[in-house]
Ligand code: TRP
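Okay, so here's just one chain, in structure tokens, the form predicted alone.
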């Protein structure tokens, strides 16, 4: 716990239940309770996304106000993002499946921000490299099936005029001492690191500003991104907008288990979207953390622990039929399914998912412009 370090730019230390409890207390977020889950389930006609039902999205900020507005017929919109630092892996894309589910359940607009400037200023990437990853990441994201009429992708460089115009409103209300305290910026950091949070906050009120209709914004994000939106919740009321609401996730585990999140820089830590069926199978067999026992005899006798098993967890996030998930869970836990068999089941599910994405991706290569931010196409 002493080595736990979670910031928007660095995550290190063991990410276990105790660590998340510490982060909840440190950041001052609320846990998602049964009342909120039941309200969402009712709106979603009895179904919850696996990342919600399996407690991956586990905390929130004023999610109840979003549900109040929806139930009272008041509009809101979604905002999420991606830092284009490399090619995407399944750990990057799964949260977008949850955002897609939210868009469909609530039938709302969505802003997706590609923070290419952050990766230049803070990530140390070269602009030519970032531009390539930005274009590739956009295709990966829209291949999931977002509604082009309600999806607004905004890249910080390409949309700098719009973003900067509103970012200066934000920046005027943030002191350097706040940035130092919240983000850990110090005097040796470049000044871009001081200003960038103003850019990331803009989409939390952008649709309200452009449409001239004051509405709430719900932001799905991993808990390391919370500092941005703590600042946003302080600033936005000063600009005449609602505080953004949030639905917050844990990190999806690396292949080797919960001690770290997947990493684009570590080929063996993740399953990438361009991995072949054979590569997926080999990675699961060689690297995937198993909840099984040391011997075949022990596995048959005592069963596995599916809750920490990488293969089962990935399968459960992708399998839409929760009856199938529950059957596999019980069979694996009881010893009727062995670890190797679980990995084969997961490999097939993951590979089918990736092949469908690649097919969609090819079909959308000439349609990216339909998803890009354009104030004229707002439906709100």
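Keep in mind the model is a prediction, meaning the values are calculated, not measured. Positions refer to the first chain, counted from 1.
Heads up, the form predicted together with ligand TRP isn't pictured, but that's what we're talking about next.
* Could you tell me which one of 83, 306, 244, 155 places a heavy atom within 4.5 Å of ligand TRP in the model of the complex? => In short, 83.
* State the residue from 219, 102, 288, 110 whose non-hydrogen atoms include one within 4.5 Å of ligand TRP in the model of the complex. => Of the listed residues, the single hit is 219.
* To do: Decide yes or no: are 293, 312 and 316 jointly within 4.5 Å of ligand TRP in the model of the complex, with each residue judged by its heavy atoms?
  => The answer is no: none of the three residues contacts the partner (heavy atom, 4.5 Å cut-off).
* Asked: Which one of these stretches, 127 to 135, 298 to 306, 226 to 234, 278 to 286, sits within 4.5 Å of ligand TRP in the model of the complex when only heavy atoms are counted?
  -> Stretch 226 to 234 is the one.
* Asked: Can any non-hydrogen atom of residue 115 be found within 4.5 angstroms of ligand TRP in the model of the complex?
  -> Residue-level check for residue 115: yes, a contact with ligand TRP.
* Asked: Do residue 151 and ligand TRP come within 4.5 Å of each other in the model of the complex, heavy atoms counted?
  -> Residue 151: no contact with ligand TRP in the model of the complex.
* **Exercise: residue 208 in contact with ligand TRP in the model of the complex, heavy atom 4.5 Å** => Result no; residue 208 lies far from ligand TRP in the model of the complex.
* To do: Please run the contact check for residue 200 against ligand TRP in the model of the complex: heavy atoms, 4.5 angstroms, yes or no?
  => It does: once ligand TRP is placed as it appears in the model of the complex, residue 200 has a heavy atom within 4.5 Å of it.
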